[in-house]
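The form predicted on its own is given below as one chain in structure tokens.
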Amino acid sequence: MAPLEPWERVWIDATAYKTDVHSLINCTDCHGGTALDDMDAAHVGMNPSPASDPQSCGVCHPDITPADAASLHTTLRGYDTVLYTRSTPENHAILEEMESNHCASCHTTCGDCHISQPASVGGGLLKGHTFVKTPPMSQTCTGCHGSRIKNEYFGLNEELPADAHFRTRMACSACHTADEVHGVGMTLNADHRYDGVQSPTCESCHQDKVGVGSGIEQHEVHGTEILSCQACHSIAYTNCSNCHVEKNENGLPFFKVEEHALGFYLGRNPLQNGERPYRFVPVRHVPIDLNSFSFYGENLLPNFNRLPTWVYSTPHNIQKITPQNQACENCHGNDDLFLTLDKVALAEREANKGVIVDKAPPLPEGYVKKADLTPTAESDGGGGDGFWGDGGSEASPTPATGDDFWGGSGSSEPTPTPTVSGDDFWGGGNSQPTPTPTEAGDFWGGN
């Protein structure tokens, strides 16, 4: 997002603010202080961020603020869940100190979405102190969800396209409703973002394209319990190896991620339940290791192996056509696509034993690979409707940009089009084409 000039961060547009319903409220009702002509005296006891206190907004919005105060957007419960599970009660106070230094600034107040940019990106009023009902995506959402989600959704990862929904000009709020973001009607006291019902779901918009009866061969065969939608429709995403938190010589907290790489891996579903019954899902490596918080003390995560480091993931990089869904053999028998033992660090294998896949599922007996078919043998003569990636060569349109939709200026450069084969597509850094496998051997996971 474009940086704001210092004056822009605090400038109140009096003309615009007069049209805001909040202008009917005296400034001191929210900010405190005293309505005096003496500027210095007027600011005594003033609260510069009243929205940091849920009760401030709750006076007028009692239908929203109680749920929001307990939502994962406001609390640190998501962090607590994983850190407390990996730790012990006697370490919780130290971990809470660490969280207050390194994590709290990324968790929101009402004002971080509706009045100003998030504090994590420097703050600054969105529109001269007027209330913005629908937070602008590129000034608020991506301020906190920028390093992975923004890059995937906008197509900023090298040689990878933007999400199909971005290309049709869908902002975050198109799928993530106000009630979901505020926690209204959601699972009370959710322990993590995948706790409770799925919301949003792909089926919300694509009900007629899912499972048996959809008329789509792959969906008919796999049903709704073998694979999550993202297993076939996501592409490579960022995986971070670790994150370490520290303070500099001036006592200012900072963190550093030492390594990250693009990759796509299907693992056994670590959250398999009635809401998420899938056998295989994309799994992403989260930025944690045994010594992530060693700056604050030794052995703070003695139960590190209680949770996997490769976790359930729903990447924001959806495509209709992906390398894995163009032919059955691109997934079946292809160990490169699955989180096999060799891809997991030795120190993390115990933690991920429930996620690691022994080998890729084999092709059905008697299956003839698409590459072995002659053009006349294929049912559609080699043409197809584009589902298999051979039905059209038109490039995806470049989304228009503009302040009104994206909430700020954006790049007008077209999204680069990726190749569909080779290690570069998966972020492996090797520009050589993928070799053609033989009928037997390690590529297919054994005989």
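Numbers follow the displayed sequence, beginning with 1. Predicted model only: the values in this text are computed from it and were never measured.
Beyond what is shown, the protein has a form predicted together with heme C; the following relates to that form.
In summary, the region of this chain contacting heme C in the predicted bound form, judged by heavy atoms within 4.5 Å and restricted to 288-296, 317-325, 87-95, 346-354, corresponds to 317-325. When contacts are judged by a 4.5 Å heavy atom cut-off, E259 does not count as touching heme C in the predicted bound form.
Although the partner is absent here, P277 is not a contact residue: none of its heavy atoms lies within 4.5 angstroms of heme C in the predicted bound form.
The closest non-hydrogen atom of P361 lies within 4.5 Å of heme C in the predicted bound form.
Not displayed here, heme C is approached by Q198 to within 4.5 Å at the level of heavy atoms in the predicted bound form. Here is the short version: of N269, T224, N305, T340, the single residue with a heavy atom within 4.5 Å of heme C in the predicted bound form is T224.
In the predicted bound form, the residues of 196-231 lying within 4.5 Å of heme C by at least one heavy atom are, in order, V197, Q198, S199, P200, T201, C202, E203, S204, C205, H206, K209, V210, I216, E217, Q218, H219, V221, H222, T224, I226, L227, S228, C229, Q230, A231.
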